[in-house]
Each structure stands twice: as structure tokens, then as C-alpha cells.
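For reference, the chain that follows is the form predicted alone, supplied as C-alpha cells.
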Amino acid sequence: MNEIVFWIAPIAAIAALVYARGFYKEMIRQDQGTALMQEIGGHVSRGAMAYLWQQYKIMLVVFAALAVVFAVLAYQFHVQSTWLPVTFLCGGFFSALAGYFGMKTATQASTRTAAAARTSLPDALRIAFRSGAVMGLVVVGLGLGNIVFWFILANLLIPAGDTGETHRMVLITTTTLTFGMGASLQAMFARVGGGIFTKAADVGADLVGKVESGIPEDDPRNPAVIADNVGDNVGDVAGMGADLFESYVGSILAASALGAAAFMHDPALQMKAVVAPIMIAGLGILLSILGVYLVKTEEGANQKQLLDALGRGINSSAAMIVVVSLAFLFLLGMPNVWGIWGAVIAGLVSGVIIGRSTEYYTSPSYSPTRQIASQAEGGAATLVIAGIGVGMLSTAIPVLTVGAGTLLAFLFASGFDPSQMNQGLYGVGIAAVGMLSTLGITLASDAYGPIADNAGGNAEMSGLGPDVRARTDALDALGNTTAATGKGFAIGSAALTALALLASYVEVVRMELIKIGTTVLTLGHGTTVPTDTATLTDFMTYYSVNLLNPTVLVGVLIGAMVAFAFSGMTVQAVGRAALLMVEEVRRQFREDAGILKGTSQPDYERCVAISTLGAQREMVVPALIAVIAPVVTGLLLGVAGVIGLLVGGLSSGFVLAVFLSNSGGAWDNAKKHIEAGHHGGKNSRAHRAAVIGDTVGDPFKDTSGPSLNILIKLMSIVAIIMAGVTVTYSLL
């Protein structure tokens, strides 16, 4: 590799894994608390691992079957990259591995966080946050490390052939994109399965425990309480980790592929454009590690001070990447350095604005959530109506922000010349990398949430004093805000990544056309252009990709429908699994009166098994929709229909995901606001209404909403992977 700054990436990937191991060992050395605390933590840890292994068994069957299909397409029909069967399996494996390490850490950290909270809020925050950083650093370390590995391997093994060095680099970058397929599918299984598990347990615990029986949250008498704590880990740690692993990998790979396409006229510039996003990601890792050490607070800190402590680490990393990325872009010798740097800034600022917007609409510190809480005095119906309204209104700022960020990134990178389409789209890809560049610390703040939540649950079940519970509640309330902000950040990054992948799709179509012998594109009126030098506009003309083409319009409608159908299926899946949980908790209370009296122990394991079974049974079909939809659309409607599908899925899925996540987060924190003593406090009429609203929002914010951002990226990746099948066998 002749660009020396490229080697920042492998160094950073190794550093991420080294520091993750260090933070893990630091956590393991901490006090685990009393024997009862360790027993409760053991229940959660064993349940989480049992679920994860069961999920991996099902995924192994699905991945093996798909790998065989890809191998047949590659070696028998020659319409697929011969690398795909291997890269697909590797992508899924390392995504699963990142989730496994993160969840193993989280389940062990919650007990130690609760133990530290007995004496010190700063120590509890440090343990919880640095344990969350294990998840963040493992994700970026494994993600970037794999990208570097596959890029170097492809660079060594793929020959130039007859098409020259610039076409070889396009082939290398589009080949490495196949790694994202396995990561995306694994993320879908983790998000959907984990979301169904956690929300089935949460709804069952809330409805029968808090509403019907009037016992506190995390009360050890509730049979579903262990399953609820297990669900926090499998959904918000393993699920979120796999989600952002594939976003991170996808954004870097898409930007590199677009860079290879944008500078095909100059091999030297092309290599720089390919290396730039990989370099920026490496710099972001190093600065994220530094930011982790800036997160600290004082004893007795209030909610704002805790939020400021996390913000100090995240914002410092973001500010440093602004300065450092500019210096290294100059060192790399990129053309239009200021424009590319402007695209990085556009992505970073977009991420900050989306995070702030999510915080405003979901935090009890601001009026939207407080207004929802006030509506609880009228009952569950008025509260649910208010939450739906807030969720709908909350879509405006993220959509406008992503739109503005996309336009600015395009204009900056194209030198404000709209005719430079390839360079402009490369800027959009760079913006996605910029938004995710400090993922190591932003994901740490998200993974921190379920650790703090489980620590509070452990403190309650262990009967620790009110001062301990006050500390864990402060950490938990902060975790609710960071979790909601993290979901908004994940959705925003998904939109930019999907845009970059959509542009990459056209480049893969180019390669597939050349492969089947279409060396000239006929554009009409006797105009022809060579396929290998055709612009994106030429391809749009060749395939009649415009809004007057009914094929495109049908594809857009199908894409929008898929987003809603997918959401409906996942919400109903939670409802079915939750009903089983509700019936089980009621059965235990009915058949053993000693449970509510505290004289006998509930059957926690039965509730964990019900959530596990429900999640495994319900997760496969929604996940496969994202795989099937692009394939069937491509076969029936061709390239134009697939582009319409991706546009429709992106536009509707993005807005729907923001609505679902923010409305659910606002209902959750409205309940927390009431529990803090407002509108009658706990066990009041308003509180019972807020619990109903929270249970309605549970599948919104933790299952359907977060899963949608994977849906739009997975459909894009599948479309790219199956481009050869679409080009060769489509009916239109």
C-alpha cells in the first residue's frame, strides 16, 4: 500500500481491541457486591447467553443455506462474486462476535456498577461507561480491522486484467462490499430477535406487575423481572452493537467504492480517495479512546451534570476529529481538500443535530415529554394520542438535517458543480463516515444505558438502601436519554449510509454489464457511450430512471410498503410474545400466592424461556423480507425497479423509524417523569396510564424503529450483491 496514512487504520483497529480488553479487565477487578447481588447477576448473565447461543444456532442454519445459494450463483451461473460465500460468512461471524463480547461485558458490569453505587456515584459511572466502551471499541476495532484485511487481500489477489488499474480498484472496492451482506443480515436477526425478546418480557413485567399487582419496577416478586433484565442486554447491547457494526462497515465500504468510481481518470487520486474514509475511521477510533477518559463526574451530580460528563467525552472526540481529519487529508494529498473536509463536517454536524433533536423530544427535561406526562391525568388514551403526535412532529428536524447534510456534502465535494455527480456522491459517502467516525465513544454511551438499567434492577432486587437506588436511578435516567439519542444517531447514519450504498449500486451494475458483454450503452437518438466510461446520468438515461417511468414508481411504492409491512410484522410479533408472557406471570401469581407475599420464589427461568422461544420463532420472516424484496423486485422490474424500491424504502423507512423510536422514547420518559413525583407520582392514576403508554411504545422504540434502519441498509446491500442476477435475468 503506497499511501502511508493508510496504516493508521490497522494501528487504530488493534488499539481499539487492546483498550477494549483493558477496560474489560478493569471492570472484572471491581467488587461484585453481596452474594445475593451475584446470584441475581448470574441469572441475568446465564439467561442472556442462553438466548444468544439459541439465536446463533438458528442464524447458522440460515447463513449456511444462503452461502450455498451464493456459491451456486457464483460458481455455476457466474452472476455473483466468487468472494461472496466467504465474505458473507465472515461478515456475519464478526458482527455476532462483536455482540457477544459486548453482551458478556454488560452482563458482568451491571452487578459491579450496582456494587460501586453503594458508596460512590463517580465510580459507578466510570464502571458502567467504560464497560459500555468495550462494546463501542470492539465494534469499531473488528469492523475496521476486517475492512483493512479484505482490502489488502483483494489488492493482492485481484489482477488488473485488460481493463486497467482504475477499473481494478473499482472491482476491489465493490468486492469488499460483499462483507457488508453478512454483517447486515446478522444485525437484522440480532435487532429483531433481541427487540422481540426484551419487549415481550418488559410488557409482561409492566402490565401484570406494576399495573395489575401494584408492585414496584424490578421487584424480585415479579416472575418476568429477570427476563426483562436479560432483554435489556440482548436488545440494547448485542442488538445495537450488531446494528452499528454493519452501519460502520457499510459506510466505509460504500465511500471507498464511490471514491474508486469518482476518480477513475487518475489512478493516484483514485487510491487516495479509496484510502481517505478508511483513514478517517482510524483517526476516529484513536480520538474515541481519548474521549472515554474524559467522562467523569463528582459525587452528588445531578442529571444535567451527568449528561454534561458524557457530552464532554463525545463532543471532545468530535471536535478533535474536525481538526485532525483536515490535517491528515492535506497529508494524504486529496484533491479539493477543503470540500472533502466540508463533507466530513456536514456528517458530524448532522449527527450532533439529530442527537440533540432526539434528546429534546424524548428527555423529561424538555416540554414535549412533560406535555405527554401531563396528558396522563386524562388516562391512557390521551397520553397515547399525545405521544403519537410528538413522535410525528419529531421527524421534521432529523429529515431536514439529513437532507441539508446530504446537499452540503454533495456540493462541497463536487466543488459546487452539480455536473460533477461522482465527486458529489463521494462526498455523501464521506459524510456518512464522518458521522460514524467517533462511533467508538458514541456507542459506548448507548451501551452504557442497559448496564445502568440492570444495575438499578439489581439494587432493587437485592434490597439495597434508598441512597443506592437514588444513585442507580440517576444513572438509569441518564441511560434512557443516551439510549434514545443513540437510536436517533443510528437512524440518521443509516440514511446517509443507504444513500451512499444506492450510488454504489449503479457502479456494481456497471461492472455486471461489462461482465455479460454490454460494452456500449444506447441512450436513444443514435447516441451511444462506452459502458466503462458512462456517467451516472448516462445510466439513469439507459435504464429510464425517472419519475414518469411506471416501473420506478411501482418500485417506490413497494419500498414504502415493505417498510410498513416490516414494522407491522415486528410490532405484532412483540404483541404475540408479550401475551404469552402476561399469561405466564398471571399463572404464577394465581397458582402460588406465596410469590406476592415474598415467601416463595418465582420461576424466572420459565419466563426467560418464553421470551427466547417467542423471539426465535418470530424473527426469521421479518429478517428474510429484506433479503427477498430486492431479489424479487430485480427479477420482475429490473434495475429501474430496484432503484425505486431502495428510494421508497429509504424515504418511508427513515421517517417511520424516527417516529417509532421517538414516540416510544417519549412515552418511556414520561413514565419516568411521573415516577419522579410529578402528576401524583408512583401508583397514581396518571402513573398507571403512563405505564400503558410505555408498553405501547416498547415495540416502537426497541423493536420496529431500530430495526428499520437495518432494513433500508440491508435491502441496499442485497441489491448490490444480487446486481448480477438482476442484470442477467430481469424481465424488464
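All values derive from a computational prediction rather than experimental measurement. Definition used throughout: the rigid core is the maximal C-alpha set that superposes within 1.5 Å between two forms. Numbers for residues come from their place in the sequence shown, where the first is 1.
Absent from the display: the form predicted together with a further copy of the same chain. The rest refers to it.
Novice: Quick one: which of 565 to 573, 469 to 477, 616 to 624, 75 to 83 gets within 4.5 Å of a further copy of the same chain in the predicted complex, going by heavy atoms?
Specialist: Going by heavy atoms within 4.5 Å, the stretch is 565 to 573.
Novice: With the partner left out here, check for me: in the predicted complex, does some heavy atom of residue 49 sit within 4.5 Å of a further copy of the same chain?
Specialist: Heavy-atom contact with a further copy of the same chain at 4.5 Å: absent for residue 49.
Novice: Would residue 45 sit within 4.5 Å of a further copy of the same chain in the predicted complex, counting heavy atoms only?
Specialist: Close contact is absent here: in the predicted complex, residue 45 is far from a further copy of the same chain, nothing within 4.5 Å, heavy atoms only.
Novice: Just to confirm, residue 513 within 4.5 Å of a further copy of the same chain in the predicted complex by heavy atoms?
Specialist: No, no contact at 4.5 Å.
Novice: So in the predicted complex, does residue 55 come within 4.5 Å of a further copy of the same chain, heavy atom to heavy atom?
Specialist: No, residue 55 sits far enough from a further copy of the same chain in the predicted complex that none of its heavy atoms falls within 4.5 Å.
Novice: Tell me, out of 188, 402, 373, 459, which residue has a non-hydrogen atom within 4.5 angstroms of a further copy of the same chain in the predicted complex.
Specialist: Selected option: 402.
Novice: Quick check on this chain: which one of 628, 593, 156, 381 has a heavy atom within 4.5 Å of a further copy of the same chain in the predicted complex?
Specialist: Exactly one listed residue reaches within 4.5 Å, namely 381.
Novice: Please state whether every one of the three residues 315, 327 and 444 places a non-hydrogen atom within 4.5 angstroms of a further copy of the same chain in the predicted complex.
Specialist: Not one of the three qualifies.
Novice: Which residues, if any, of 385 to 402 lie within 4.5 Å of a further copy of the same chain in the predicted complex when only heavy atoms count?
Specialist: 385, 386, 388, 389, 390, 392, 393, 395, 396, 399, 400, 402, in sequence order.
Novice: After the core is overlaid between the shown form and the other one, has the C-alpha of residue 685 moved by 2 angstroms or more?
Specialist: Comparing forms between the shown form and the other one, the residue 685 CA shifts at least 2 Å.
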